Ligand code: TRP
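Below you'll find only one chain, the form predicted alone, shown as structure tokens.
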């Protein structure tokens, strides 16, 4: 039996079909027969969420969502990161053996730096330039090109210089704002992630490709601690990257993503789902024309339909007679509503029973606290605290 662990930040945005297919269901399969746990990474969320009531609400909503998907009687331990009292202590201990240079290579830090540079570039080379040039042209044309042209041009240049000065000050404000926003929790994010993983002798961590580096850093930190104290205290976990799942298309043909706003939500109501599905981009084939199977309606149906229903849809696409994309979209709606019904029903039931959700979180935390206490006895003896 392997120990499997994953964490999810409570971002406040609901799960979409891509999340379900790429991460949640694969974890459910991986968890079977193993000692598996999911933690709600509310401490990690503190890097960006600075509203206590909001964070509590989002954390509860995430717990509710995962219980709806995995089932209220799941054997997967679900708990809040902040309910593990010794995690902050382990985080500090691991920080004492983590090189500063390692943090400088972290995606969490580099992404912030890149975002800042991109914003500077937009302000410095796009907005500033466009606004100044537009004003220059407007003033030049409004004042004409008669005998006072030279005088008008000089006035225009003076006003341009004032505009440039104002934009420079605005740019400086942005610089100061971004410097203040880079908090130390963002910078040391990978150390806390390492503490989350190493505390439980985790064997396998399911991750997306964007998180592989942070998992490698957890391995580096485990190695650094073991070398520093001359004892193999922490196990080096391995990453599990789901490779079999095909990219799920969004309604605009691109990969389904919240950032593209092209997703179908697991908990979208029927009216919303119907409206979104109607917007799926398709080919121009007519009602009675055969249709290629590489269209996005069929791609989505292929993931969620029963084999029998998918075979029937495939035949109708290939024949084409009297079966247009509009019919296929309505059939996709029926497929999704049927597939998602058990999850939605559990969600509504659990939403009306918050005490049960909290009890699940308490039991999960009690189990994981017991595990970390045993590990921390060894750690604190070695480090002398």
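Residue numbers count along the first chain shown, from 1. Worth saying up front: this structure is predicted, and the values here are computed from it rather than measured.
The form predicted in complex with the named molecule is left out here; the points below concern that form.
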{"property": "Single option in 93, 76, 193, 313 placed near the named molecule in the predicted complex, where near means a heavy atom within 4.5 Å", "result": "193"}
{"property": "Option touching the named molecule, based on a heavy atom within 4.5 Å in the predicted complex, out of 207, 251, 86, 222", "result": "207"}
{"property": "Residue contact check: residue 189 to the named molecule in the predicted complex, 4.5 Å heavy atom", "result": "yes"}
{"property": "4.5 angstroms heavy atom contact with the named molecule in the predicted complex for residue 16", "result": "no"}
{"property": "The named molecule contact at residue 67 in the predicted complex, heavy atom, 4.5 Å", "result": "no"}
{"property": "Any non-hydrogen atom of residue 44 within 4.5 angstroms of the named molecule in the predicted complex", "result": "yes"}
{"property": "One stretch from 34 to 42, 356 to 364, 58 to 66, 340 to 348 that, in the predicted complex, holds residues within 4.5 Å of the named molecule by heavy atom", "result": "34 to 42"}
{"property": "Candidate spot 20, 257 and 265, all three touching the named molecule in the predicted complex (heavy atom, 4.5 Å)", "result": "no"}
